[in-house]
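Encoded as structure tokens, the following chain is the form predicted on its own, with no partner shown.
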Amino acid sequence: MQTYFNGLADHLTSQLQGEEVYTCSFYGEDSDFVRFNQGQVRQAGSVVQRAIGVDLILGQRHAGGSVTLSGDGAEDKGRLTKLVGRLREKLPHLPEDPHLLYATDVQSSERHGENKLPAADDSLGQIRSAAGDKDLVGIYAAGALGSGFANSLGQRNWYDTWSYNFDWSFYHQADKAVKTAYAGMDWDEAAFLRKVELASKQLEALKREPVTISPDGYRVYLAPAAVYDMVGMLSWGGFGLKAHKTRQTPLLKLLSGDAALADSLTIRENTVEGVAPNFQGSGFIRPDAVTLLDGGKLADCLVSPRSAKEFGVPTNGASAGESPESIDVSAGDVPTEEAITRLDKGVYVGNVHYLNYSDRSACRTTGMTRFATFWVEDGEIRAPLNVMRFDETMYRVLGENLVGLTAEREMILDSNTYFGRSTNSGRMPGALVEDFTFTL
């Protein structure tokens, strides 16, 4: 992929006229997808795709477009020639962009991941064997992802990685299922089987008569997947410079000093240990890590090139949305194996279904439980819990009511495959929380 991309970048350079400049971003994947139902392979296939986006720049005017690539050099160079021509036609009709900023200091780089993926027969065989006679439903996606950046100033950046993501459930009946995932870069059969064992125990618990609790505040344990969803909500403007400057951040009360988060909470954009590339679409290099929250207090913001230009500060390589792509929540001191014991009496939340802001400026979220949510007494799962709606502020969940975070963390890869496999990821602990409010 890299050699092919570099050839296309050189071709783009040859198409420029006068003082034109271009930047371009490349995405490619070679992925296997396997769909399981009732523990058996029901559909299998492979996806090989490449795409490139180009921004043609003349002074402070610029126009962008993208093309899907065929893999045939002559045909793809022809597509790019036509794209550049169309963009050139648009430029005179566009206004100057006062916030346009792209990298002019050439910082080329290469970062190659190591392919530690198992042979497909091995991983799929382990999955079928683990399913046994259970109704296992899920999608296994694995393979290579490649990202590239180039500009007409001579900068070339490349990043590739190999990863897998098995997003699956043990289905019982109706809306009762144990949903889980196993993802990463290095398949570990023992770790996968531990996941299967836990899901199997929860499946047996799902077969018991479900209970309904009255709306109230309860002690809860949020599994890493649930924490990932909730921390993900904070990414909707929580850590971006523009959202802070325009006072549209959901962490507005934290920014103004009117609310606090727990001293034990540290959140980073941990690019070096994620699966996202260490550069962005305007050519700026991302640092290995950016601390967003340090001991519950706001630290650095994610700063895109446009925000850097608008507010007169340096960029730190954030993408246009200024949301973390490799989010990392620090570990605590609660051993995961003791989490339910320390929960004692309350609700075990494996993951959440539907999550949104009910009051964005107050960082208040609403959502629903689903799948493996259990009622716990005396540190043991007693029964599955019928679906409940909750409404909570993150200042309580990750602040005054946070009892502790688990010492072990889970690597979670975003399972989205719209247009291509996502490179977003998270490294999450579980969380014990007091007085978590269920409303319906």
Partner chain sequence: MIDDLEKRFREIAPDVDYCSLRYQEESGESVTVRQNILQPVGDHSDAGAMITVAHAGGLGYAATSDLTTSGLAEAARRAKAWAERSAGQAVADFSKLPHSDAQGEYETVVERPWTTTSLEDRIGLVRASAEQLKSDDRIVDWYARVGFTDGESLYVNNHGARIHQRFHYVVPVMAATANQGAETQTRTLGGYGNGRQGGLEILDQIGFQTEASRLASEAIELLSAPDCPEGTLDVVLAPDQMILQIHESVGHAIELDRILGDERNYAGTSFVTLDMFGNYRYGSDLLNITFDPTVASQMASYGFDDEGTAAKKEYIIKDGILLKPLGGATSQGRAGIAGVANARACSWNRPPIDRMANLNLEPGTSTMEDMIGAVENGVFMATNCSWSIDDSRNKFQFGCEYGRRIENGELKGLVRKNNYRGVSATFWRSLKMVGTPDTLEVMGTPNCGKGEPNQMVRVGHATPACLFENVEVFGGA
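Between two forms, the rigid core is defined as the largest C-alpha subset superposing within 1.5 Å. No experiment lies behind these values; they were computed from the predicted model shown. Positions refer to the first chain, counted from 1.
Only in words, not in the display: the form predicted in complex with its partner chain, which the text now covers.
Residue in contact with its partner chain in the model of the complex (any heavy atom within 4.5 Å), chosen from S152, N316, S330, S169: S169. This chain is displayed alone, yet in the model of the complex one of M230, A308, L117, L252 has a heavy atom within 4.5 Å of its partner chain; that residue is L252. Its partner chain is not drawn, but in the model of the complex it has a heavy atom within 4.5 Å of N416.
Although the partner is absent here, Y102 lies well away from its partner chain in the model of the complex, with no heavy atom inside 4.5 Å. Remark: D359 counts among the residues lining its partner chain in the model of the complex, judged by a heavy atom distance of 4.5 Å or less. Although the partner is absent here, R35 lies within 4.5 Å of its partner chain in the model of the complex, judged by heavy atoms. Contact with its partner chain in the model of the complex, defined as any heavy atom within 4.5 Å, is confined among 188-196, 241-249, 220-228, 322-330 to 241-249. Shown here without its partner chain, the chain has R128, D135, V137, G138, I139 in 128-153 lying with a heavy atom within 4.5 Å of that partner in the model of the complex. Annotation: Cα of Y221 displaced by less than 2 Å between this form and the one not shown, core superposition. In the core-superposed comparison between this form and the one not shown, Y171 has its Cα shifted by less than 2 Å.
Superposition on the rigid core between this form and the one not shown places the CA atom of D122 2 Å or more away from its counterpart.
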